[in-house]
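Have a look below at one chain only, the form predicted alone, in structure tokens format.
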């Protein structure tokens, strides 16, 4: 049985989702020959703990729910992230702090430090992967470690795994996707008869949209995912500013009705397409015929369609967010790293 020591940066919904799965699936995970322990946690709101013997996962979950990690027994408390990266003996950095799509910091610095110290990294943070993937991947290769980032695009739905491990050799020519569940939920509700403002308020009430929904409704979140998909699957490094981006805030109920009368449906679609040796990337509302597989994806669900040379179109539909769903993405990356090491 191989012991894997995790250092967790961020213990919000995603981190708590991972802990829940590790607790519930402890026995099942032993079939992989792996025993996961958490030797350090740092959360901007909840506090900081470290213990080389491992922290109690149930106690961590309970303390997170109560808003104070100091309730958990630990050898060290109050360490900064920088101190933890230096002083805690760990195998994998689990990076699930807040996303910054302007600079990628501070998460990029944490990941850079970990891989430079020959530690694996798993992350759900779009900022570092969208803005600094080529550099971070090169650094990881130089140090013989891996960076897992499945959860950055479609939560635990394996969009990146499918693209990298099954479809890349099929010759991916175009990627189109519904990559933001909040906007898809809003458009669904508008089709049911709500006005935009009413649908947005409902999305906020249900927790799909933030109090400031700009990142979702103006297409920034989807644009970050488009950049990641281009960098990772299309072999072209592009910047956020190269994505032709438009959100959904200009769409009206009349637009929705016009599409319905035409047998079509509005969706916010992220697109990456190889054209004459270059990449065209966009995030825009598009009217899709109802026969299109993406047109049938409703509510907060995400979907992605790969157009390939040898397999034609392949569509994957699944959750694009959620505590357990995104927590599972971290676990899937961990299993991928250690299964490859043992093979």
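Numbering follows the first chain given and starts at 1. We call the rigid core whatever largest set of C-alpha positions still superposes within 1.5 Å between the two forms. Predicted model only: the values in this text are computed from it and were never measured.
The same protein has a further form, the form predicted in complex with a small molecule, not shown here; the description that follows concerns it.
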query: Contact assignment for the small molecule in the predicted bound form, among 131, 209, 147, 107, heavy atom within 4.5 Å; finding: 209
query: The small molecule contact at residue 95 in the predicted bound form, heavy atom, 4.5 Å; finding: no
query: Touches the small molecule in the predicted bound form: residue 123 (any heavy atom, 4.5 Å); finding: no
query: Interface membership of residue 182, the small molecule in the predicted bound form, 4.5 Å heavy atom rule; finding: yes
query: 4.5 angstroms heavy atom contact with the small molecule in the predicted bound form for residue 267; finding: no
query: Interface segment, criterion being heavy atoms within 4.5 Å of the small molecule in the predicted bound form, picked from 71 to 79, 172 to 180, 87 to 95, 187 to 195; finding: 172 to 180
query: Core-aligned C-alpha movement of residue 212 between the shown form and the other one reaching 2 Å; finding: yes
